[in-house]
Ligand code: G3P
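Coming up is one lone chain in structure tokens, specifically the form predicted alone.
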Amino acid sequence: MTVPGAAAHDARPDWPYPRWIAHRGAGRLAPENTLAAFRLGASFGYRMFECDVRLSADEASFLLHDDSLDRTTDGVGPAGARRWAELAGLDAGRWHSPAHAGEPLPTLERIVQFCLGQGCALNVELKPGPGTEYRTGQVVARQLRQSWTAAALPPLLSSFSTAALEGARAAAAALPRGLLLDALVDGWLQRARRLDCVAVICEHRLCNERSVRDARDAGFRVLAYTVNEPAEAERLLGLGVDGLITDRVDLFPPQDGQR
């Protein structure tokens, strides 16, 4: 397989983050957004991870993609309505496979400890519940500002929510931000510029010669999600995309020096 090769490596001067990014820890091979998934992704050689972070009712930062607990835990209802003491006791692994039964929801603090211990970079997607957009960005960014060591690559904060990114900027302006996009609506580059983002993170089919060129000309890096097919990865690398977020940590070994 030629996909992970270094042919496009030189297209990313001064962008320090690894090119290959493990989606939700290890994509679909382990229960998403759990420490088990991060450990598995690292075992495949990945040195950057994407994860989803939201707030509990008492403003603990923890990993979960959905607003609801139903799909990936044995809990039910809105996650943001529960205090962390309740959430900490849920099973976030059995839904995936019996081997992961009992895997807990991890706190952001635990994931930070893992990444710093392994020398890994982190892309934190801010996942606010209804009405908590600004506050989620503020709380999560403040926590990362305080807990992430200065020697490590700073975490990249991303969101579809303008308010969440504004909250992150207010709390920790020095942490880099990326605007997530699932459509190239009018003004997308201006929106990223207003938020002082360093990158746009696009649904992979949005990346083409024009959109990548426009983003680059505006001063942004371009990342793509969620890239699971070799032919699509080849296309994106040919465009010079700076980062590919993938579920297939087993298919795309990051062979280009972890970059």
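We number the residues from 1 along the sequence you see. Just so you know, these numbers come straight off a predicted model, no measurement behind them.
Form predicted together with this ligand: not shown, discussed below.
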Exercise. In the predicted bound form, which of 122-130, 88-96, 164-172, 73-81 comes within 4.5 Å of this ligand (heavy atoms)?
Worked result: 122-130
Problem set entry | Residue (of Leu153, Leu189, Leu180, Cys115) lying close to this ligand in the predicted bound form, criterion heavy atoms within 4.5 Å | Leu180
Exercise. Can you pick the one in His204, His65, Arg47, Arg221 that has a heavy atom within 4.5 Å of this ligand in the predicted bound form?
Worked result: His65
Exercise. If you check in the predicted bound form, is Glu232 within 4.5 Å of this ligand, heavy atoms only?
Worked result: no
Problem set entry | this ligand contact in the predicted bound form: Arg24, any heavy atom under 4.5 Å | yes
Exercise. Is Ile245 close enough to this ligand in the predicted bound form to count, meaning some heavy atom within 4.5 Å?
Worked result: yes
For this session: Using a 4.5 Å heavy atom cut-off, state whether Tyr225 contacts this ligand in the predicted bound form.
Result: yes
Seminar exercise, completed: Restricting to 77-99, the residues within 4.5 Å of this ligand in the predicted bound form through any heavy atom are none
